[in-house]
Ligand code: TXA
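We begin with a single chain expressed as structure tokens, specifically the form predicted alone.
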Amino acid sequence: MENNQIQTAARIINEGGLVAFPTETVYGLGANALNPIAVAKIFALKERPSFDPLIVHIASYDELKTLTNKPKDLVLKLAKKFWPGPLTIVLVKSNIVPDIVTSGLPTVGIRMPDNEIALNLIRASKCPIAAPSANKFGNLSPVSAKHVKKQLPGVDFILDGGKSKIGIESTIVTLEGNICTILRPGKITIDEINDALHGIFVFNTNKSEKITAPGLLKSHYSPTKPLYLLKEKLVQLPKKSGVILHGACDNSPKCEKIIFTSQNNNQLEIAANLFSSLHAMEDDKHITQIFIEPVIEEGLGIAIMDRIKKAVYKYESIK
């Protein structure tokens, strides 16, 4: 990507505008995290409820130290192990972080993305960037610039970095004492965190009903067409049905269209292709409802099924 595009995007950020940009997870909708009026534009454009906090993206450890109050050694250990990368750490915020970013909570989610365009944008803007996914709230996450344009035509500028390589949002964790809680599963698994934090108790679920991080609602990541779990492959489906499978099989269901996220149930491929497959079905005028095969909830499959369950929730609950 040409440097003048980064500079244009940085100028828009500095002027209080919104820029959609690629990360390794999904595309983000960014604003200057220290400018509450600019951050308010994110909520307005996404039609995002004010109780859902945002993640702040940084490009250096110095920024971490200004956004939170004296990060502990465990925090730095986790950050140095997985940053840049798809891990968000929820920490007590410093006074410079506006309340609108955190939805009034005393904590803020912070991560350093593993994408050169994103990092260069943050550096050129000379400020941390608050950025949820660049889509309408509750809808499919965007993994390409095309997906951003479809949902947010009013964004000020889009940096096109091709398709996101991971394809699902970051793992979110919080650290309290000697306990690490995974608030939202993602590419970085509980086993990897366990290996990094010797002697620390790591829990894979957040049982609190309070929204303390993005992506914790029961219904989220949904297409505009009805989406259901495919519980049996050999089943009679309604006309104009699309099916998303994760591995080739001898007896595929009879339907209008089949998309494979993987040919052999490879979890990395499934994650990378999950949202793009759902977008393709959503955009196909011949498809009126979508069925998706579940995956085994092990390793990265936990995060994949988290997204699938939330995507089908509002449709499954009214069947």
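Here the structure is a predicted model, which is why all the values come from computation and not from measurement. Residue indices: 1-based, along the sequence shown.
Although it is not shown, the form predicted in complex with the ligand is what the next lines describe.
Colleague: Just one of 144-152, 129-137, 240-248, 69-77 has residues with a heavy atom within 4.5 Å of the ligand in the predicted bound form, so point it out.
Modeller: Only one stretch passes the 4.5 Å heavy-atom test: 129-137.
Colleague: Just to confirm, with a 4.5 Å cut-off on non-hydrogen atoms, which of Leu229, Leu197, Leu216, Leu119 contacts the ligand in the predicted bound form?
Modeller: None of the other options qualify; the answer is Leu216.
Colleague: Thinking of Thr107, Ser170 and Leu183 as the candidate spot, does the ligand come within 4.5 Å of a heavy atom on all of them in the predicted bound form?
Modeller: Judged in the predicted bound form, Thr107, Ser170 and Leu183 all sit within 4.5 Å of the ligand.
Colleague: Is the gap between Val90 and the ligand in the predicted bound form 4.5 Å or less for some heavy atom pair?
Modeller: Yes - in the predicted bound form, heavy atoms of Val90 and the ligand come within 4.5 Å of each other.
Colleague: Against the ligand in the predicted bound form, would Tyr27 count as a contact residue? Criterion: heavy atoms within 4.5 Å.
Modeller: Within the cut-off, so yes.
Colleague: Asp52 versus the ligand, in the predicted bound form: is there a non-hydrogen atom within 4.5 Å?
Modeller: Close contact exists here: in the predicted bound form, Asp52 approaches the ligand to within 4.5 Å, heavy atoms only.
Colleague: Is there a heavy atom of His279 lying 4.5 Å or less from a heavy atom of the ligand in the predicted bound form?
Modeller: His279 lies outside the contact set for the ligand.
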